[in-house]
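Shown below, as structure tokens, is a lone chain in the form predicted alone; questions about how it binds or moves come after it.
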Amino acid sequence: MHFSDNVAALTPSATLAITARAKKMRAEGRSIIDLSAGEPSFPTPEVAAEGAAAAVRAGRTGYPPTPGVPELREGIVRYLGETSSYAPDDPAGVLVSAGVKQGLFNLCFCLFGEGDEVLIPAPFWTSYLAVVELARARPVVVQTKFDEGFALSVDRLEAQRTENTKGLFLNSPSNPSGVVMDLGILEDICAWAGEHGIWILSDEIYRRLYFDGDSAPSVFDVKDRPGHVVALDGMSKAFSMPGWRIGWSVGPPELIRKASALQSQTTSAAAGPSQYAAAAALASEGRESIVGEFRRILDRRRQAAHAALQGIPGFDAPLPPGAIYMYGRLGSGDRAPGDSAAVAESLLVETGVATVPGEAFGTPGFLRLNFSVEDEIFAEGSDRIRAWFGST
């Protein structure tokens, strides 16, 4: 079959493909430990579920406004004001979408086109390259080093900048590495981007899943940031609501209006009951207790997962300061030749443990494991991984 040039080279999300394969193998009767999925394992907070149910009972099931229901857009502004230092205070600068991924697609389609270049630090979330390419722009990967904690610097960005550089993706805490950018480097990057007229799209979906404080530094904590900065966040991680599909973009109202117009011609608004669920959670007096309890449990699981993976020959997984993943580097042992795609395939087929290879994130030679699963699941998975690496 012939496809248009728009999608001819498009491939499915690597992480979703692995998760789907793991589910299929489980349905076929295999014992599968799925450490590949990018979602927490907690149930939806009761206040969110009740918010959706109340909206349905009240008959609020018509088409919502494309940029989002007022209760949610206003709630996002309040939430940002309470959890960051210099957030915008105008709901006109908020666009609600079906997840952060749609928000990124909207923004790239509005801001970039053929001949433009967008800088993407590696390791990167697997969909970043695709959304830039769908806009006919060119993603330019900026490599960082494991031995330097995957630290990003203005020097690394400047080395890749050309006259065609129009955008930069940031992601902190990082998926897959969990690395967090401190406020100083965010200030430096914002100043550099402002000097060169480069748009910053900051994916902050894991911002509240930070283990050295209530929130990781945000671009909205940068006092003198330039005007061409957009922050994206949502409900899937910190509120454990991945299936509700609620994300948002916050930036200059003119850009948000254009992105909303694009969304009106594609998916239109995010699902109404999901928006009311999100609004209820953000407005809840117990909001910070919900996030804090999730973070406390995740921190314990993070520490346990890190301990469980220590001492595995040929696998080096540092303790991440944020997000929900262990991102381990493969060594040169007999069972860890550095080919992470082959290792992930063998782990799945031979042991029934699903992981995501580093090739999906622009850094071959690594494996990503979700540590947010229930304790006994990760313990069993790590036992199988240790046995596989230790076998001859």
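The first residue of the shown sequence is 1; numbering continues from there. Quantities reported herein were computed from a predicted structural model and do not represent experimental measurements.
What comes next is about the form predicted in complex with glutamic acid (GLU), which is not displayed.
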Inset, instruction - Find out whether any non-hydrogen atom of R302 is located within 4.5 angstroms of glutamic acid (GLU) in the predicted complex, and reply yes or no. - result: no
Inset, instruction - Indicate whether F220 is a 4.5 Å heavy atom neighbour of glutamic acid (GLU) in the predicted complex. - result: no
Inset, instruction - State yes or no: in the predicted complex, is some non-hydrogen atom of I32 no more than 4.5 angstroms from a non-hydrogen atom of glutamic acid (GLU)? - result: no
Legend entry - A37, heavy atom within 4.5 angstroms of glutamic acid (GLU) in the predicted complex: yes
Legend entry - Option touching glutamic acid (GLU), based on a heavy atom within 4.5 Å in the predicted complex, out of W125, W199, F105, F239: W125
Legend entry - Contact residue in the predicted complex, chosen from R161, R208, K101, R225 - any heavy atom within 4.5 Å of glutamic acid (GLU): K101
Inset, instruction - Taking only heavy atoms into account, state which residues of 10 to 27 are within 4.5 Å of glutamic acid (GLU) in the predicted complex, ordered by sequence. - result: S13, T15, L16
